[in-house]
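Just one chain follows, in the form predicted alone, and it is written as structure tokens.
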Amino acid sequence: MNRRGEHDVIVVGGGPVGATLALALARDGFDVALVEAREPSFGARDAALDPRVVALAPDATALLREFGAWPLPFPERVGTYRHMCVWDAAAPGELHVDAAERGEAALGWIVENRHLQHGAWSAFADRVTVVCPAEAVAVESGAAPAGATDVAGADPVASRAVLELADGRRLRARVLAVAEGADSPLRTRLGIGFTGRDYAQRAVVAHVATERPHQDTAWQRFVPGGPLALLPLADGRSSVVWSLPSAEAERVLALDDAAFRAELGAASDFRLGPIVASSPRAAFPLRLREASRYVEGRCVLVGDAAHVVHPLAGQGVNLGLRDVACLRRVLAEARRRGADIGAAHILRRYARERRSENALAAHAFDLIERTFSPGSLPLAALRGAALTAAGRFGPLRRLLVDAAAGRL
């Protein structure tokens, strides 16, 4: 940072996506500041597992590896899934996917949220200016003519985005990336709205031990109320993500441990035998959100600040990391051409590419949720047949394998 508090890029939000963006751009030679409201707590090597986990696809781990954030600080805590099994409680038929079909070692990895964040923060070294704890209270989005260049004297200070902090500091940058998450205050301050819907569901999460091993398999069953996933953890347990109507989720949260294990075992069809132990439970609301636009002046939305999808496919963080890869490429190309990295046409290039893929993914997951929701029970026989057909039809099966491994 120079004496005027200026940077090439300011990233607001130090979660897994924001921290990875800051690291990626800093490793590419940009002057980057990361602003985060709270000091992160990563936990010790033997700390209890974070109840929130993500299913990382191979392209996501490749990006993390490129910038020194993978393998993670405690690699023994990372679960691997090599197989996936999907079936429907209301109809016969199921789908099996195997990484070996594409000659891969894994379809993906199950990682704790805070552990993923830890990986990026531990790789910052002195590359990223970390401003934490710091609350962003105001933003000026800045502007730049579409053809602006980075030639000395051609890009005035007035064209920078300006971030004001609660302590009175004002930071300036050619680009300000908003990665605060689904309820981003800066997105609101920028006047960017969103469309979507509330699923009137909550995802109940916990870690469980089962009678039989998880077999490095991600198990997903569509049950009345919503999908249930059991994801393989490195210590032999499984991470549960159980989507339920809000009132039903409250009931499940209130069960004693024995009753919870019994209901969960029945809901999972006892594929892994009885549930023999369970961690404390938590829950979070399920929503579909798409920002009305990704760019305002020199400010750009990334990750959940731009898009929130149903967790049934475990793709939320993967989509965010693809935002990171795209923005990194767009900014690097602009710099090579001597262009102003915050020019309108530069940031619109990122927005066009990512809005297209993110919208397609969001609506695909929404369609799956609607198709397998309790209100679509008359389609149950067709759903079961569709799962069976998808597993047997070669081209479609290959497409599903690619999707499971994050290649789409």
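Numbers follow the displayed sequence, beginning with 1. Note that this is a predicted model, so its numbers are computed, not measured.
Not on display, but discussed next: the form predicted together with a small molecule.
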{"query": "The unique member of 341, 55, 33, 64 whose heavy atoms fall within 4.5 Å of the small molecule in the predicted complex", "finding": "55"}
{"query": "246, 113, 80, 122 - the one with a heavy atom within 4.5 Å of the small molecule in the predicted complex", "finding": "113"}
{"query": "Which of 130 to 138, 71 to 79, 267 to 275, 100 to 108 lines the interface with the small molecule in the predicted complex (heavy atom within 4.5 Å)", "finding": "130 to 138"}
{"query": "Heavy atom of residue 318 within 4.5 Å of the small molecule in the predicted complex", "finding": "yes"}
{"query": "Residue 17: touches the small molecule in the predicted complex, heavy atom cutoff 4.5 angstroms", "finding": "yes"}
{"query": "In the predicted complex, residue 85 touching the small molecule (heavy atom, 4.5 Å)", "finding": "no"}
{"query": "Partner proximity in the predicted complex: residue 175 to the small molecule, non-hydrogen atom cutoff 4.5 Å", "finding": "no"}
{"query": "Within 4.5 Å of the small molecule in the predicted complex, all of 12, 185 and 311 (non-hydrogen atom)", "finding": "yes"}
